[in-house]
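One chain is shown next in structure tokens, namely the form predicted alone.
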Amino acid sequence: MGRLYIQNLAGEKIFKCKFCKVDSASHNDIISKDFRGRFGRAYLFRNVVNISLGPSEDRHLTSGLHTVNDIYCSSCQQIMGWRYEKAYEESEKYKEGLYILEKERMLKDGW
């Protein structure tokens, strides 16, 4: 296997993987802090880095049926949240292509 490419984010407020401390997302990419995940509070992001996608699966979430991919830290393979691939309800379509990162799985750096 080749070398692992890790992207470092610029800026002051960065979210990192709680387990290996690799950059995951910038505070500037938060769309909403009003989400729930498996482990409690979660944030909706427009962009994340250093993740790998799991397989697509249909999941019944609080807001209805969605096709999602779990997302894993590309460095330590811990689950971080999920990516919305498809929303079946029209009012939920804005989530398509966006990411949920669970607060419990992240550290704040530069705050």
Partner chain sequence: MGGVEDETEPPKKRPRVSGDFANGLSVVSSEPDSSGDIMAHPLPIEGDKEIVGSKGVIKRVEFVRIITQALYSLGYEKSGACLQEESGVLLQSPVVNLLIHQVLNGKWNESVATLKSIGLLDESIIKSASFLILEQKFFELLDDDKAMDALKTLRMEITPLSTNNARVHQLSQSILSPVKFVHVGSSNCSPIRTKSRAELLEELQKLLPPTLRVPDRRLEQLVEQALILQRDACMFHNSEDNEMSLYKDHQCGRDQIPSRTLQVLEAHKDEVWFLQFSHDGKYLASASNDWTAIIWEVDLHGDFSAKHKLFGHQSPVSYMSWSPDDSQILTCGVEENVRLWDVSSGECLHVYEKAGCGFVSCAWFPDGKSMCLGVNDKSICMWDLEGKELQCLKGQRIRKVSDLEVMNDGKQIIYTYRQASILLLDVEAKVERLIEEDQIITSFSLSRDNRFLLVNLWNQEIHLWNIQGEVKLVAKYKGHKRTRFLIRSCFGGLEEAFIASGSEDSQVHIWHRGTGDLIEALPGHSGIVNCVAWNPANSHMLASASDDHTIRIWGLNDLKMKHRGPANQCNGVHYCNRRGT
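Keep in mind the model is a prediction, meaning the values are calculated, not measured. Numbering follows the first chain given and starts at 1.
Quick note: we don't show the form predicted together with its partner chain, though the next part is all about it.
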{"query": "Among the candidates S63, S52, Q78, N28, the residue which, in the predicted bound form, approaches its partner chain to within 4.5 Å (heavy atoms)", "finding": "S52"}
{"query": "Which of 82-90, 29-37, 69-77, 54-62 lines the interface with its partner chain in the predicted bound form (heavy atom within 4.5 Å)", "finding": "69-77"}
{"query": "Proximity of L98 to its partner chain in the predicted bound form, heavy atoms at 4.5 Å", "finding": "no"}
{"query": "Y5 within 4.5 Å of its partner chain in the predicted bound form, heavy atoms", "finding": "yes"}
{"query": "Heavy atom contacts to its partner chain in the predicted bound form at 4.5 Å, residues of 6-22 in sequence order", "finding": "Q7, N8, L9, A10, E12"}
